[in-house]
Ligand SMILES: Cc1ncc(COP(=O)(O)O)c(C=O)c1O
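One chain follows as structure tokens, the form predicted on its own.
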Amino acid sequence: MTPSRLEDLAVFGSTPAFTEPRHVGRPNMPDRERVLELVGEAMDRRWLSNEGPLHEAFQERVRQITGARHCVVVANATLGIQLAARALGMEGEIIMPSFTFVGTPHAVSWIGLEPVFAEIDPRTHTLDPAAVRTAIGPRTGGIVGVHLWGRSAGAEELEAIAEEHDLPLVFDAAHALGCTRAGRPVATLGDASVISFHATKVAGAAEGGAILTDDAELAERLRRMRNFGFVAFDTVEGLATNAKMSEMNAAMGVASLERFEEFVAVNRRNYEGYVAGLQDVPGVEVIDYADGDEHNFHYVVLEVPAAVRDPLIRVLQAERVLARRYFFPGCHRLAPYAPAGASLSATDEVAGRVVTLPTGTAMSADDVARVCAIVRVAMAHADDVVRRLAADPAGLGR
């Protein structure tokens, strides 16, 4: 049932709007028969890893889509950030935003580097270049920017700062496949960019990542580093690791990229449906992609008043719309990093008002309209929703 009144909401005892959960990040699926065909070819060849034909085909397709000169496919984006950091000689303190997936600081911490969290711009949710300048100190050894939601505001300023201080600059571009910044492919920003092909991304390889760069020497170094440092059949040159993508994952990746334009079109339809359905709802702002650049529209992100955010998520989840609060509470407040005591007021504020909604090919236009109806009812009665849910924090009155 699509709610139209406060008492129609499932959180207050009515029937949920959806019989099956609608997830944030539910995978966009490639054609099953195409995946099985590619996997069968790999099995027939008995070539299942070590940079096989599917790995090479996937790598080249990613390079074409991103517009980078060089693509180095890896097993996942976390390894991609680690390889890029080591290949660029990062050491000491690495400046990055706290408003990101915890995998970003984990990646550098795991290889002995120290994340230093700098403030974000509350309008763009991305790293504030002015805060980066302030954070630079004698132990600073690099900068990791994040193209959050696929948006890359401030990237040119970060490039200028990195050049001025002779610091390597890597972008966590996990969200940004197919996106551009001022007409420039996001993958060509900085010294290197790392894209994710995790199952939750716009196009996935079940697990996977890719490092993009325009630097041929860096790309060659990265290729050696992902394969134990081998430079010949029995010759190893330098410390390295195993970050290769398997042919099974590459099969998923190739088949997913064959549907990439379709996935983006569905995401855009859903995004525009959310914008149209929520544009006149007081207290709700859908983050904007209308900047003239190319986007994959894979994240539908709302900003709502902090006092309403968690009650709204509770309302949505009762309707089986599994909305989420990304990236709460900010990495600087998570156990591994909280002892450093970073004070980031803008990050705290943004983390307290962001809601992400389901999109992708698992969502129909009708599904989007129903989610909008739920949000409209909840926000029209926001004071009552907050009051009633505060009186029943465990949901025992349902």
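Each residue number is its position in the shown sequence, starting from 1. Remember, it's a predicted structure, so these values are computed and weren't measured experimentally.
Only in words, not in the display: the form predicted in complex with this ligand, which the text now covers.
- Contact with this ligand in the predicted complex holds for none of R22, P358 and S364, as no heavy atom of theirs lies within 4.5 Å.
- Only one segment in the set 190-198, 229-237, 262-270, 115-123 has residues whose heavy atoms sit within 4.5 Å of this ligand in the predicted complex; it is 190-198.
- For T104, a non-hydrogen atom is located within 4.5 Å of this ligand in the predicted complex, even though that partner is not displayed.
- Taking the partner from the other structure, this ligand in the predicted complex has no heavy atom within 4.5 Å of any heavy atom of S256.
- In the predicted complex, no heavy atom of Y289 sits within 4.5 Å of this ligand.
- Interface residue remark: H175 is counted as part of the site for this ligand in the predicted complex, having a heavy atom within 4.5 Å.
- Note on contacts: among L222, I95, L169, V146, the single residue with a heavy atom within 4.5 Å of this ligand in the predicted complex is V146.
- Shown without its partner, this chain lists A250, A77, A87, A323 as candidates; in the predicted complex, only A77 has a non-hydrogen atom within 4.5 angstroms of this ligand.
- Contacts between 310-342 and this ligand, taken as any heavy atom within 4.5 Å in the predicted complex, involve only F327.
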